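Shown below, as structure tokens, is a lone chain in the form predicted on its own; questions about how it binds or moves come after it.
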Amino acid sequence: MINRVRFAPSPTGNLHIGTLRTALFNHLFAKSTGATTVLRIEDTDLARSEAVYETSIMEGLRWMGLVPQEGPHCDGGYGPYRQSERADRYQKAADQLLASGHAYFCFCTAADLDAERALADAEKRPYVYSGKCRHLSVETRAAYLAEKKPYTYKFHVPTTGDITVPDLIRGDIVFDSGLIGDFVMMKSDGMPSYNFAVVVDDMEMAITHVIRGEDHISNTPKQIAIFNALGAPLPAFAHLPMILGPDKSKLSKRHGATNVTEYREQGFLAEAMFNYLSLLGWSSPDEREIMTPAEIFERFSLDRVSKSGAVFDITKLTWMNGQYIRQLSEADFFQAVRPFVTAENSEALSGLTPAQQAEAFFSVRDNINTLAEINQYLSVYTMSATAFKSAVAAIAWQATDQDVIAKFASAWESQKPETVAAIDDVIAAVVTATGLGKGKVYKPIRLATSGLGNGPHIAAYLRVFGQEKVAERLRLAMATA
């Protein structure tokens, strides 16, 4: 039998890091075991579920290459895949449990339940529903139904014994069923509760492995009780460690728990995010950090998933993103970074050919860790002639700078180097001819040609400038040095 896993987000908000990590680990498990992935939209919270959030979820999954094989976008024969379209399935299962004695009508009002909770608080004991509606006489129940008194379906949890959650990551987790209490299966508005809906869905969608966050551990004994009552086999459970902020508190917006697509807009690469998130709670057997998806698929297994919380570190993610940026070819980098160039810089670079622009962008590739940082390194190319003259006029030249610039200018005019390697050779020859260290040669050449104290590799930007522009700037610098 082919394993089946599901990613089941609720469209009550945008796709965030924690939810994305869950989708990723389901994807990794599926890729490493040949399982089928299913997308289920859990939209029974009609007041908060919105189509715009479902769109956000799909957009984030597509960006990361994590779109499941089945779901609202692709029917695999187990649909519908939105819970709001599965009401008849839940009602049928609820009626089955009612008939078998595993469920009953509960007519308790909110005030009734509040009174029970208040009594439990006063007696300093955990609140567990009393189950009084379970003991109603047939006549009383019939009278309430005839009066059309609002009711819920409640599931009857055994009051004695244990419920064991077998977890592939954590081992067996044992719960005292007497502390769980009967719980709502179907609400008074006819919508299923979370714990009931997911069991019916997982059962009917033939889900074999439920891989989700550890915040669902407390729900699992209730779900196991429903599976057993329906006579359905249990899926294997695996609860992933919580994602924490650097201060070890629950990940929040101040730590970077923002809409996943905002990371894309900030210039993070999907490949880097994929790699980084795969290490949030899992480690490779060879302890490698930078890996391709294929390498991660080959190494991934649930037995290497940690039980302890995983820290989301934006600094580490940014560093890793920089590593991926530095692996991009000139053509790929040009395509990736071009949308991040501001309109002002695009206008300033409009005099360059597309090939020259690609060269210009590529020359600063190694300086940036996110694509959005491109603009702060383009000033060497976007500086106007007037701004360059002002910058050069303000430079405090050193005693040896005139000789360095003169020798470089002479070599530039005579050799007319056209490649980065040839330009590097000219600069190296000036180092040799002057007998000065690299620092005392490179700095004045950079200042004389760019007006800036730092920037991309000198030979790279001089290659983009071209022969005439470099010669003109050298002449201006020699007049002021």
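The numbering used is simple: start at 1 and walk along the sequence shown. In this text, all values refer to a predicted model and were calculated from it rather than measured experimentally.
Although it is not shown, the form predicted together with glutamic acid (GLU) is what the next lines describe.
Answer range among 97 to 105, 157 to 165, 194 to 202, 174 to 182 for contact with glutamic acid (GLU), defined in the model of the complex as heavy atoms within 4.5 Å: Among the listed stretches, the partner-contacting one is 194 to 202.
4.5 Å heavy atom contact, Arg264 and glutamic acid (GLU) in the model of the complex: So Arg264 does not count as contacting glutamic acid (GLU).
Contact flag, Ala477 vs glutamic acid (GLU) in the model of the complex, heavy atom cut 4.5 Å: Result no; Ala477 lies far from glutamic acid (GLU) in the model of the complex.
Touches glutamic acid (GLU) in the model of the complex: Ala8 (any heavy atom, 4.5 Å): Because a heavy atom of Ala8 falls inside 4.5 Å of glutamic acid (GLU) in the model of the complex, the answer is yes.
Glu70 within 4.5 Å of glutamic acid (GLU) in the model of the complex, heavy atoms: Glu70: no, not in contact with glutamic acid (GLU) in the model of the complex.
Candidate site His16, Arg21 and Asp313: all three near glutamic acid (GLU) in the model of the complex by heavy atom within 4.5 Å: Spot residues vs glutamic acid (GLU): no contact at all.
Listed residue (His209, Arg170, His216, Arg141) with a non-hydrogen atom within 4.5 angstroms of glutamic acid (GLU) in the model of the complex: Here the answer is residue option His216.
Stretch 19 to 47 - residues with a heavy atom within 4.5 Å of glutamic acid (GLU) in the model of the complex: Stretch hits: a single one, Glu42.
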